[in-house]
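Let's start with one chain on its own, the form predicted on its own, as structure tokens.
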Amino acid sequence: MWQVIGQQKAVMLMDRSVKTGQFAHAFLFTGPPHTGKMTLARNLAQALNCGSDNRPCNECSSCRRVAAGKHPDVQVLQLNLEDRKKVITIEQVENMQSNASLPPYEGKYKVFIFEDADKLSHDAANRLLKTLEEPMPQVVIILVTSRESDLLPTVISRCQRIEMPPLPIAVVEEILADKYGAPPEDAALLSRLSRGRLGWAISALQDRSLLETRQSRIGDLLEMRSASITKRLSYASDLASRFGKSREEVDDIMELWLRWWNDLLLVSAGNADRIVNLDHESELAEQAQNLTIPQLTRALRDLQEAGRQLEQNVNPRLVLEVLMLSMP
């Protein structure tokens, strides 16, 4: 049984490929975080090595060991967290190629899953390209990424691309309520906060610390609105430091700000029923009274421009300082 929820198109394509035995030697699973990409990658690895007629069965020894990360023919290549460069290294790719040159130990296929494939170093990506250009029998490579634009075009062109987009908000809300028993108010809030990323919504339902982190970030945002220039610059410096350690964390913070300012714009325009931050409706209404629509649209533009500049590797401290100083 395929365990990915809501991504019927991708699942049907993988299921048909496995059943017919006609599948690519390399796949690219792309889409926003928490849309089921790694779940589908592991499911495919299970299906390719499953001994049941209904693959993947999730019950045989092979399927269980893939799920537990203990199958000798299925390897997940990840970032080396001890490496300050935070990349998938050429050494990791070379080790994979050496492993791939040997026949499967006990399964039908050797499957190599590159989690966060966009983190391949330039040398590692070029080394992997040789394997993609000259595929080996009984070897399947799966690249998983939320940042497809960071991959080499030549790598992308040699993979079968499977897009896994966000789900409609109403679908996420329904799944949370019906499948996971979420109370109506939680299902409504989490589905909107998730932006269609079902995996995030499920995690937030099961782990309340995600909402606590969000609440802390909203507190920082509200504090900065009335903070002195010195305090704003200090906060920008702190964010820039965090950006160097975890780009994803700062991306999440800026996305939260975008949603907050967009909610303020919706409230000001009389569309409060469409806001994302349902649990802060009264605060949004109060804050919106003191801001004009031009101010809000300018704040949104400034945030979007800051995001583009960070993508282009402009000095993060400078970008964030300008952003904090321009905040209404």
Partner chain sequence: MKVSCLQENLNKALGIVGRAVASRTTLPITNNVLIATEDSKLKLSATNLEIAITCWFGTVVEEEGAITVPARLLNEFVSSLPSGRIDLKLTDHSLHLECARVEANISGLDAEDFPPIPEVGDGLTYEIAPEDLRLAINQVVFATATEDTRPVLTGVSAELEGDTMTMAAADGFRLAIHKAPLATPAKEKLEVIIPGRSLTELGRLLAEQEEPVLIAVSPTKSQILFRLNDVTIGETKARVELVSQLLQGTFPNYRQLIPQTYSTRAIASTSDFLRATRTAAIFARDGSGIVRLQVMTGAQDQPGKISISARSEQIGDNVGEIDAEVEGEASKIAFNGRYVTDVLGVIHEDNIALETTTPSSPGVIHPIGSERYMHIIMPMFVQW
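Model, not experiment: these values are computed from the prediction. Residue numbers count along the first chain shown, from 1.
Separately, the form predicted together with the partner chain exists; it is not shown, and the next lines address it.
- With the partner chain omitted here, the record of contacts in the predicted complex names 62 to 70 of 297 to 305, 284 to 292, 32 to 40, 62 to 70, defined by a heavy atom within 4.5 Å.
- Between the partner chain and the residues N126, S234, N95, Q160, the one pair within 4.5 Å by heavy atoms in the predicted complex involves N95.
- Here is the short version: of P103, G219, G244, G181, the single residue with a heavy atom within 4.5 Å of the partner chain in the predicted complex is P103.
- Put simply, L210 is far from the partner chain in the predicted complex: not one heavy atom of it is within 4.5 Å.
- The closest heavy atom approach of A240 to the partner chain in the predicted complex falls outside 4.5 Å.
- In the predicted complex, the partner chain sits within 4.5 Å of a heavy atom belonging to Q75.
- In the predicted complex, the partner chain sits within 4.5 Å of a heavy atom of M136.
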